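Take a look at this single chain, the form predicted on its own, given in structure tokens.
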């Protein structure tokens, strides 16, 4: 099985080749609400399942912070 190496919030991860952004987020345990940037570009939530990750992709997951 081929794998790819990605970084999520600056941490290295190894995933199966062909993995979508939606699958990666679920397998890494992220729970909504959050916003995602892939290689510094915002990805709308309705595109997560259609976005196939590539080796060396960089993902930032940003969760809202409450309080003040």
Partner chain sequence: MKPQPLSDPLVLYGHAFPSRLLLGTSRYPSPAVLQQALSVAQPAMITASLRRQTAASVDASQGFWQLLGDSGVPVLPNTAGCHTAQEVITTAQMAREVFQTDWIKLELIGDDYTLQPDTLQLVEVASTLIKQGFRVLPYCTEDLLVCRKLVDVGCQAVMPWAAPIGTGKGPINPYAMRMLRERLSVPMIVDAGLGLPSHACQVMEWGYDAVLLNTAVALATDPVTMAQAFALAVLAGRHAFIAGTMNEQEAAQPSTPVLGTPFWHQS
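Numbering follows the first chain given and starts at 1. Just so it is clear, the model here is predicted, and its values are computed rather than measured.
Beyond what is shown, the protein has a form predicted in complex with the partner chain; the following relates to that form.
- Taking the partner from elsewhere, residue 65 is found to have a heavy atom lying within 4.5 Å of the partner chain in the predicted complex.
- For residue 60, a non-hydrogen atom is located within 4.5 Å of the partner chain in the predicted complex, even though that partner is not displayed.
- Although the partner is absent here, residue 26 lies well away from the partner chain in the predicted complex, with no heavy atom inside 4.5 Å.
- For residue 18, no non-hydrogen atom is located within 4.5 Å of the partner chain in the predicted complex, even though that partner is not displayed.
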